[in-house]
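What follows is one chain in structure tokens, specifically the form predicted alone.
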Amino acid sequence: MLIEFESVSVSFDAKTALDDINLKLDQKRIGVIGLNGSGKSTFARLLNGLITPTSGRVSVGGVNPATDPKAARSQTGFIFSNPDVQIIMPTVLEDVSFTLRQSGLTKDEIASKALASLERFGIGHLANQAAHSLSSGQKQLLAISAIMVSEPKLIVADEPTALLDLANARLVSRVLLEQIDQQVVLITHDLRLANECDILLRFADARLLEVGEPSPVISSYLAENG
């Protein structure tokens, strides 16, 4: 899916969050790095209309999230660093099922599809457990299951391993890089994970500094900030 930014700028209370971004991306695994406050998360939230540009135009698969946020959100799944903000329902199965509440499926069909999504990501055995009782890694897998059950075309993951220990961070990384067929935009401070992407974007001070192969982009990032 083609992601296009044409002269996109974003300002909040006269402070520039993104400054004149121009790019076209169609790679399957798109990594995004930069220091805190560099513009990474603002970039991510533009992709499904959580934020709208102050100027310029964003297009994701031919959809403008600013003018058609409903269509943008139906094709884009968003995974946050803290999965607790995405857990809505009491049990694990109910939480994934909630995503399908307006799908037109029967109750049994919804439950079956939700369970299949949980099993796909290795937590089917937790279906009847209280969602908020899960470990941090299990909660992130629940968030991924709930997003993926609706079969979006694009997954945007904003620092999805930030709150996880090493073992769970590696597990979630493998899921995002290897188990998901959809295009993924991955915002991360984990340079090992960033290095596995097809292309890497580096932001600094609200500007897009570099776009290219991960290794040289990471090298210049470390040279400036290491």
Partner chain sequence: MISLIRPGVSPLHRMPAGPKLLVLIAAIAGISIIGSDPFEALAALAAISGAYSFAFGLAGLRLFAQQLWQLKWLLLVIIIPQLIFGALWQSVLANVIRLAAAMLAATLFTFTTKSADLIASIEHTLGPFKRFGLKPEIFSLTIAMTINAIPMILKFSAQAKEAQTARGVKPRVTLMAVPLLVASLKYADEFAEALTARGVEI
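Positions refer to the first chain, counted from 1. Small disclaimer: the values here were computed from a predicted structure and weren't measured.
Below, we refer to the form predicted together with the partner chain, which is not included among the displayed structures.
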- line: Residue within 4.5 Å of the partner chain in the model of the complex by heavy atom, from 29, 170, 45, 57, is 45
- request: Give a yes or no for residue 116: in the model of the complex, does one of its heavy atoms lie within 4.5 Å of a heavy atom belonging to the partner chain?
  value: no
field: residue 89, heavy atom within 4.5 angstroms of the partner chain in the model of the complex
entry: yes
task: Indicate whether the partner chain has at least one heavy atom within 4.5 Å of a heavy atom of residue 132 in the model of the complex.
output: yes
query: Would residue 99 sit within 4.5 Å of the partner chain in the model of the complex, counting heavy atoms only?
result: yes
- line: Those residues of 141-170 with a non-hydrogen atom no more than 4.5 Å from the partner chain in the model of the complex are 146
